[in-house]
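Laid out below as structure tokens are two forms of one and the same protein chain, each shown alone and named structure 1 and structure 2.
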Structure 1
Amino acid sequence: MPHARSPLLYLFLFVPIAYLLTLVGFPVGYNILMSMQQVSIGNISRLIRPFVGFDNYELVIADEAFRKVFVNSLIFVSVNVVAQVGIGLAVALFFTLRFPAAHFLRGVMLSSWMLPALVVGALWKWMFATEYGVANYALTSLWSGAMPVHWLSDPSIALLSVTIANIWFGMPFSMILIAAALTGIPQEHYEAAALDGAGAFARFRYITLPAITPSLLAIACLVTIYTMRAFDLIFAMTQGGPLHASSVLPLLSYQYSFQLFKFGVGAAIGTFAFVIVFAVALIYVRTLDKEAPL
């Protein structure tokens, strides 16, 4: 005979569903609706506005700036995922070694991730300053006669500059998650491999890497999602310039919406970014399902 379900169960289900519909579903739906309307300062306060269908999306796709920023976003995200996960893995493996102040140093590295992105962007903007920045000071000190590099004003390297800053900012997040995954590997496997004569590289290849591969995939998905939302750091460093050289989709959406007041076009750009993040989120959920024990 089936058990009667407690009304409290439905209450516990209603609360998260209401939260998701109110704070996630409504903004996403409203953004999609706005992307199909002609929205200006005069009618933005009204829900009923002229319907234009996919005209805003056609304008976005035809815009050369959008195509450039879309490629920037792909490069920015790809390099960040590879670098943050790769460097995070190397640092996490380093901290598995036993040496004085290891826990303290790991905490210091993690503290950089706790800083607001605007603060990190301002710090890196100062370090990359042409005249008085630390980067050019180190460059000219190491190579006498080297010319100062215009890290943030040269279109050819502006994206590289903000990418370096974002890697530094996000790497500790990957490091701490990978370190947690490493603690779940039984030490008996390493001891047995050492008795069989396996070296450090063989132990990493045949024990460590297979054991943490599901975690690395999940972390890569998380880094992709967080990097796709990058805005504060780039805005503080370059505001997407020069000539959209360091801009990404969230920043371009902001510029169209709140600087050019083309809210429908800005919403369409935001929808493109949302679709990419949503697809990666689905991959992340499937990765977690495969990682979960039966």
Structure 2
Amino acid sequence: MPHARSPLLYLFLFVPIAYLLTLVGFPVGYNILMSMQQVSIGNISRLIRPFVGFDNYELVIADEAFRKVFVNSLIFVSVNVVAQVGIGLAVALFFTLRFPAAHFLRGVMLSSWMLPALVVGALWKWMFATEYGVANYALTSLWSGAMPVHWLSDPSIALLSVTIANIWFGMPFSMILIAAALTGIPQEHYEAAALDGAGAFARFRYITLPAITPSLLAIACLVTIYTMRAFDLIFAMTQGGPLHASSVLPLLSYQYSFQLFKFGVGAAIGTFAFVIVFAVALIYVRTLDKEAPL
């Protein structure tokens, strides 16, 4: 390779990496710094602020709202991952049956994922409206005698409602990635199994599933990362309420910072979320390592 040592190439590498380090790496570091300081409206522009060690973290851990939201986040993310990967796998398998327009229909399904998350949140807020929403209409006409559900204002249901909306939003993306993994399985494996008399379930269990397990792990990590980001959708639907019932870590952190102006506490909550996504990202990078050598 004649120009592999070209200085221009190193400049080309340096500029975007420096951009990301400045606009993502630095804010992440700055957030961790803030989480150990007392930050108020008064000293917000200064870098030197009272250092309080882990006081903010102690406050956060003692905070009932934080504990509730931490558990919410775990539920929200794990239900999303299981549902998006599970349903995504089923739908992707259906579309591998070679029928006319299968590719086209599969692609069109991705429309939900292309919508801005905020619009998806507004749309589901409207569909989940108690009195005039289409969700309650469907429910009461399918089950005669069913009572209208307070999808967004009942604290015991609000988390479920935002989870349903987010699954609808994200599932097609998982489905598309799983479909890509499925096309990587050589057809001969299926033909050989069919000759041996393996039924559809046996072929899935002994050929499909083992072949795509590494990809499924990578996809599960990606869905975790994307779901940990959820903010716009929940913010539009419930603002995390009622009483933090449908809130997740980024939302609580944002509210501490921009509604209560407790930036240090907000930053400490953010750090918890950072640690979780960073750990998952490390697993994701390792799974990619095994899939295709870098």
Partner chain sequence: MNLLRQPGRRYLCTLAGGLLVVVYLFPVYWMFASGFKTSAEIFANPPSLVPRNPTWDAFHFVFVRENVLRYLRNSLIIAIPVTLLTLVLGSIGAYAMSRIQSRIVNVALVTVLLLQVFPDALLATPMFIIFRSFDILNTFAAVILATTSKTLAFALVVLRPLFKQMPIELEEASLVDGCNRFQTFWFIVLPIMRVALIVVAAISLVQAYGQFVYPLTLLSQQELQPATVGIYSFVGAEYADWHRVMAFSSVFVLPILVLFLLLQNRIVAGLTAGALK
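All of these numbers come straight from a predicted model, not from anything done at the bench. For residue numbers, the reference is structure 1: its sequence is counted from 1. Whichever C-alpha set is largest while still superposing within 1.5 Å between the two forms counts as the rigid core.
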Displayed copy of the chain that is the form predicted together with its partner chain: 2
Core-aligned C-alpha movement of Leu13 between structures 1 and 2, 2 Å or more: yes
Large Cα move at Ala101 between structures 1 and 2, threshold 2 Å, rigid core: yes
